[in-house]
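Before any questions on how it binds or moves, here is one chain, the form predicted on its own, in C-alpha cells.
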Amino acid sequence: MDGFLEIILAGTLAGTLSRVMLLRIDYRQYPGYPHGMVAHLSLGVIASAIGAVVVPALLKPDFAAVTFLALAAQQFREIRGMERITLENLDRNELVHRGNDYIEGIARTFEARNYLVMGTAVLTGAAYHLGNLLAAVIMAALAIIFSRSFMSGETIGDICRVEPARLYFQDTILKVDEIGIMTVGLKEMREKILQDGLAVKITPLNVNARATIHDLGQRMAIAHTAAVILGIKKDIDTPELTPLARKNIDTGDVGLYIVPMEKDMEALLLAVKRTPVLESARSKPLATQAGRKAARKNV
C-alpha cells in the first residue's frame, strides 16, 4: 500500500506541475482572472490524481478503477463546452471580437491540456514503479517538455512574412499598399486615420499558409490580437476605427489596418507574428495532388 501511495503522489505532483507550466495567463487565453486560475489548476490536480491512480489500479489489479478514465473524459468534454459558452458571452462585449474559431480553439486547448496532464501522471507513476525516484523525475521532465512543445503550436510568423505597409487613401477608399480596406466618408476621420493609423502586410510563404490566412476566423484572430496588445482608438460609435484584415484577391496577401493607442510599428509586427494559427483555419492544399498541381501552375 505504501508503494502504491508513493506512485500516486509522484504522478499527481508531476501532473500538477505540468498543468501549472501549461496554464498561460496572457493576452490570448482565458482565464485571465484569479478565479479562473484556481478553477483550472484545481481541475489539473484532479486530472493528475486520476492519471496517477491508473498504474496502481493495473498492478492491484483493480480494473474497475480504470473505468474512471472514461468518466474523466466525459467531464473534460463538458469543461470544453463550459469554456466555449463563457468565452462567447465575454466576446459579445469586445470592441474587436475574437471570433467563433478562436474561441473554439481555446476551448479545445483547455480540454487537451487535461489529457496531457493525465498522461504525464501515468508515465511518471510507471517510471517510479519500474525504476526509482530519479527515473520518475526524468520521465516527468520529459513529459512536461513534450507537453509544452506539443501545445505551443504554429504562429503567423512561422508561416508568413509580416512587414510594415503604406496606409493611404485613394479618393475615399482606405488602402494598405494595393489592398482596399474600406470606404471612409468623413474627411475628419480620414485625417485621423492617416495621422494615427498603422498598417502591415502579411505575405504567405506557401500555398498552405495562403489558405490559412484566407480563413475569416484567422484574420479576425489577427485583428483581435493586435487590438488587445496595442489598444485601439475605437468606441461603439466609431466603426471606421475598427481594425480590419482584408486580402488581395489576386495575390493572396493580407493587409491589416489599425488605429492603436500605442503607435508602435515594432510592437504591431510582433503581435501579428505571435498570433496563433487556429486549428480550424489550418489548411494543407499541398498535401493533395490537385493542390500541388495548382501551385506549380501558378509559380
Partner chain sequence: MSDSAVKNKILAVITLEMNRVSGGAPIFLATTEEEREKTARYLGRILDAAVHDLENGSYIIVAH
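Positions refer to the first chain, counted from 1. Since we're looking at a predicted model, the values are computed, not measured.
A second form of this protein, the form predicted together with its partner chain, is not displayed here; the remarks below concern that form.
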| property | result |
| --- | --- |
| Stretch from 124 to 132, 137 to 145, 187 to 195, 105 to 113 whose residues place a heavy atom within 4.5 Å of its partner chain in the model of the complex | 187 to 195 |
| Close approach of T172 to its partner chain in the model of the complex, 4.5 Å, heavy atom | yes |
| Contact test in the model of the complex: D250 vs its partner chain, heavy atoms, 4.5 Å | no |
| Residue contact check: P61 to its partner chain in the model of the complex, 4.5 Å heavy atom | no |
| Partner proximity in the model of the complex: T238 to its partner chain, non-hydrogen atom cutoff 4.5 Å | yes |
| Proximity to its partner chain in the model of the complex, single hit among N93, S149, T183, Q74 (heavy atom within 4.5 Å) | T183 |
| Neighbours of its partner chain in the model of the complex among 4 to 20 [non-hydrogen atom within 4.5 angstroms] | none |
